[in-house]
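Below, in structure tokens: the form predicted alone, a single chain.
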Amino acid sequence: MSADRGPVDARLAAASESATEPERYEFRAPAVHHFELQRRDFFKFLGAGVLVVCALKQVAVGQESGARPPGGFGFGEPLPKEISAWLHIGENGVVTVYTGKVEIGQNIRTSLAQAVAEELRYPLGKIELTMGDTQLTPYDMGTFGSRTTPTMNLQLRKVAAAAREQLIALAAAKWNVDAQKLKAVNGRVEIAGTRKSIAYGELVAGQQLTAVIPADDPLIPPAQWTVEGRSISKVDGRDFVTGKHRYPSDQTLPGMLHGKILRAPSFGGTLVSINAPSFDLADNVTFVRDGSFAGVAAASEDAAIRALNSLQAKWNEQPQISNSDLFAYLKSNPVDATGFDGAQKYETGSVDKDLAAADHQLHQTYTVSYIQHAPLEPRAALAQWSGNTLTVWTGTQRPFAVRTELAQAMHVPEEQVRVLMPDMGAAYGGKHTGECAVEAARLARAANAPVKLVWTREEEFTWAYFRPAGVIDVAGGIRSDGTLVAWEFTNYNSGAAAVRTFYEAPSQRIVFQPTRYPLRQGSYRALAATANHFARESFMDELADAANMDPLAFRLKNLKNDRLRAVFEAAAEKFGWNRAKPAPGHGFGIGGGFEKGGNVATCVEAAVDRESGFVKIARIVVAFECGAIVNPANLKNQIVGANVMGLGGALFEKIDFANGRILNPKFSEYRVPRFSDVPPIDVVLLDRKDIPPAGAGETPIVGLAPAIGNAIFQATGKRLRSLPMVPNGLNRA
């Protein structure tokens, strides 16, 4: 991009709808394993009832659900005009909704059910969602990017509204009355002003009907919501609390074997030779070698471990860099940005001239380490073959992409592969790929029996991909009154998400520079928005200090976006920014920004023990606005969860590695937030019913790290420019 495209808020909105962010490295990475080796009829699964097919106009990229055209499509391509969404109203009164989105702890099973209940005028407790089943649900790119609420919620609202109108038409025909005299209420169609009514299930008895709705179907506006906008308890929440829910790692089948994979001693190692001794017949061991892939399946997990440990392998390894060389390596190994969808390069004004003329100018560098996603449930898969037909239960954010991986790896048509995704134990962007499913499928084919494979914590920490590390160079110039006049920002490797500044500056040069990278890397909650906000908001505090201005006042002076101003002001008011002063050894910090349709501002009070260097976060206040709120309680849960997770990356989470080996691949060595680390977190929600709902799973995390760093600076006068900031305490930072 070489020219200004309009107001800052318009540019930000356009950026949020852009193609795949480049830091989704795992999307373009080659398959981990290389082995030598149609459409479906939905009606047979459904029986009688009303089936609604939603036909939408062609829309811009950003929508992630739809029927995949021949040859597939990427994020930079226009979507097909028809996007199928399924809603089935059974004779038994149960409404079944089909969506390719998946539940990974963010509670969309509840919020999507609310969307259907709202427009269908149906009891929430009688709505069931079938999610992430590639045989029953429409194609979907995956559950990521905070897109479920702005896209799938809207889509299911349209489908439910169409079903409601179809039911009214059925009742009108049945009673031979004007449809205008009928209304849908609580799962029944009734004649207004009378007691005559009929349940939806009775209306559809013995019928299989299809309705097509237009893209501009009128929906109930947020101001009139009665189900959406309310704090509804988690669907099936009791099952999760009592342990009844079966995660991917809990799945079982009769005759199932347990799998284990032989891993290389370092990244990129290739298998030269292997000696498999005789196994105990009682363990029913199957040994597989396919290229550099080797594994075993056995009657029990213990037997599989014994069999794996008995293998004697020789590997070819290559020298690799270590953690101490990381940031120098990234800056000295740039690669061509061509082909990085969504890569940013933006310039306007005269940056060099305005920097030189500024009353104050500043140049700083910030760094971000590799970190792990650390979900409580590691990767797991259960694979079963029936002839050349494969069924896999696995934890993934992208069931259809995993189906493609399986089909390609096992050399079978996609139509012969079914992937099911039981609600899993978290992902945070880390389960977009299906290597565990592929491994289980390969073992199952060799064993001619179902095989279950659950990665160990060490495997999850070593062989899954990491949040990209990065180096960010920032330069800025201001007038003596604090007016920002020039801005230069270059991100090496981490990514382009939220790389553009939301502050007003007439001259800007903003670049994302991809590089070679030593570890496998990919998506993480909020992508590079966390790194870019950390650098930008830390630097804004440094500029405010140079101008001798209050950090909040400095931001507001250079910020015209009303939605961002509103969250900064709301967070500051709740926190008492202008009323309270920090106690000795304490500091206040602020940070915030915009990403994926959401606006966040975070205030932090940090306490620092100067003698020990121990940093304790005393309290956090977060103000968040993402348009109309679908479920306030769940939104608060997402915000609190994001900030608890963000504590780790801000303070102490960091992958240590040397010569292709991870040095801290377990929770006893990799520090994640503990209960004792979590301070009181106050959440202020700004409900904008005049703005369509946006997602909230990612954006709330981005303001925390800079707010913590800014608070530590106020408490100590020490500026920390690397994430994590205090992995070993402040005195060693």
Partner chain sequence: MASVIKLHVNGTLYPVTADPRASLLSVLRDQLDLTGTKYGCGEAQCGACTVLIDGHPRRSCITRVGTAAGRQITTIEGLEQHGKLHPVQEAFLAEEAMQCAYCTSGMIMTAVAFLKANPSPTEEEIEHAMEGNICRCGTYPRILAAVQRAAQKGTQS
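What you are looking at is a predicted structure, and each value in this text was computed from that prediction instead of being measured. Positions refer to the first chain, counted from 1.
Unshown form predicted in complex with the partner chain; subsequent notes refer to it.
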Given that the partner is absent here, state which listed stretch (163-171, 355-363, 585-593, 629-637) has heavy atoms within 4.5 Å of the partner chain in the predicted complex. 629-637
Taking any heavy atom pair closer than or equal to 4.5 Å as contact, tell me whether residue 113 reaches the partner chain in the predicted complex. no
4.5 Å heavy atom contact, residue 244 and the partner chain in the predicted complex: yes
So in the predicted complex, is the partner chain close enough to residue 252 to count as touching (4.5 Å, heavy atoms)? yes
Heavy atom to heavy atom, is residue 181 within 4.5 Å of the partner chain in the predicted complex? no
Can you pick out, from 473, 504, 377, 550, the residue that has a heavy atom within 4.5 Å of the partner chain in the predicted complex? 377
Here the chain is shown alone; which of 653, 405, 439, 140 has a heavy atom within 4.5 Å of the partner chain in the predicted complex? 653
